[in-house]
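In structure tokens, one chain follows: the form predicted on its own.
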């Protein structure tokens, strides 16, 4: 094992207030074994560094075109016709042939407007800790700390465990935002270094869970029980996805399960589906499918919240 392991991260976000208590620095790791079609961070799914293309930033081939000649595979080609921007002038934009692109990044290195960029960067544990320590004054005033998120951070187990350990050695509060889909041996190693698990629970029906996201729910539920038995603390996060897990029956099954975890659960958060992440899918090579649905109404969320409250749970709508 390296003395300073490296991991692939796609974002480090300071002043985060939605990923655990207080003001936090959230570290987003790439790579996830789940394939949720409603994922609002599709750039987190792949483990490797990948190309991103934002047409609204492109300044057009007439004044630039550097990407066209920089790609050794010919994966950057002129788009058919012209596309308008916020101005009245039409621009001849480019198109990425995703089947040909190998994410080498040469086009992104040449793009002066940042229309082509790379999602993901390698960081060592010490680099992330140094970044987090810059925010220590905010942590101390607000009761915050560092949250490691993803993707699924436990899929980069060596890096995540080393980072958690280093953060605790520096006296920082740690939270781990996880799908829970990881070997128990990895979760168990994380336990001494995690002050709070932010654990997603989606559907208690194993068959429906596997069909929608591509993995069974049994390991997730077993890990939740294991964390509780070991004395860990959890906030349970339930994404409310239309036609997948928003039935009263599923919420009652979830409520019963979470209540059985006892005092390990400090809070249950309902996360209503939103479509804000849909445009991100268009920027990258992806394996779909993509869910586009109507966000649940306030009335619907209120009904689901009331069901969970029947189990004496503290509920927050995020």
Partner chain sequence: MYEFSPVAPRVARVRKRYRDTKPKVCIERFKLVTEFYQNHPTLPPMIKRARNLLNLCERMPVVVHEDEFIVGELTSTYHGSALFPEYAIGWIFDEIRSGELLNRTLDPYDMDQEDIDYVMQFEDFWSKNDLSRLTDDALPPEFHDIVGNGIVTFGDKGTGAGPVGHFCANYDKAIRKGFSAIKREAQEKIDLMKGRLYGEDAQREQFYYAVTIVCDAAITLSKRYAAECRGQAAECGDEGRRAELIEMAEALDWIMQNPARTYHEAVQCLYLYQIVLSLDGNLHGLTFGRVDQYLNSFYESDLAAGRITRERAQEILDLFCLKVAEMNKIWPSFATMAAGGYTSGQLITVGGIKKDGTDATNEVTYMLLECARRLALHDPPMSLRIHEGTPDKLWDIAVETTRACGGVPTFESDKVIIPALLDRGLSLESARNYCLIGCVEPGGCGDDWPANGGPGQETFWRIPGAVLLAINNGENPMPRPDGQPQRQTGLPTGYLYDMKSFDEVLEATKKQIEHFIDWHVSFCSVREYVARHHMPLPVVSATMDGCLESGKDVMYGGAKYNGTGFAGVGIGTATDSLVAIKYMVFDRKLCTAREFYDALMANWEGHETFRQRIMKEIPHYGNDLDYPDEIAEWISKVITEKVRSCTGPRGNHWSAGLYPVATHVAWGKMTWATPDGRRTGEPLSDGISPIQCMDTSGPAATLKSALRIDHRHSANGTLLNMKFHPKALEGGGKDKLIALIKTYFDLDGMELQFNIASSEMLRDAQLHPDAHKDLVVRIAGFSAYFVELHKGLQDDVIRRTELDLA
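Numbering follows the first chain given and starts at 1. Source: prediction; values computed, not measured.
Omitted here: the form predicted in complex with the partner chain. The next part is about that form.
Partner proximity in the predicted bound form: residue 63 to the partner chain, non-hydrogen atom cutoff 4.5 Å: Answer yes; at least one heavy atom of residue 63 falls within 4.5 Å of the partner chain in the predicted bound form.
Contact label in the predicted bound form: residue 307 to the partner chain, heavy atom within 4.5 Å: Output for residue 307 is no: heavy atoms all beyond 4.5 Å of the partner chain.
Contact of residue 194 with the partner chain in the predicted bound form (heavy atom, 4.5 Å): Contact with the partner chain, no.
Partner proximity in the predicted bound form: residue 293 to the partner chain, non-hydrogen atom cutoff 4.5 Å: No - in the predicted bound form, heavy atoms of residue 293 and the partner chain never come within 4.5 Å of each other.
Per-stretch contact check against the partner chain in the predicted bound form, the hit in 158-166, 177-185, 130-138, 210-218 (non-hydrogen atom, 4.5 angstroms): Partner-contacting stretch among the options: 130-138.
Residue (of 110, 200, 103, 205) lying close to the partner chain in the predicted bound form, criterion heavy atoms within 4.5 Å: So the residue touching the partner chain in the predicted bound form, by this definition, is 110.
Answer option from 275, 253, 271, 59, heavy atom within 4.5 Å of the partner chain in the predicted bound form: Looking at 275, 253, 271, 59 one by one, just 59 meets the 4.5 Å heavy-atom criterion.
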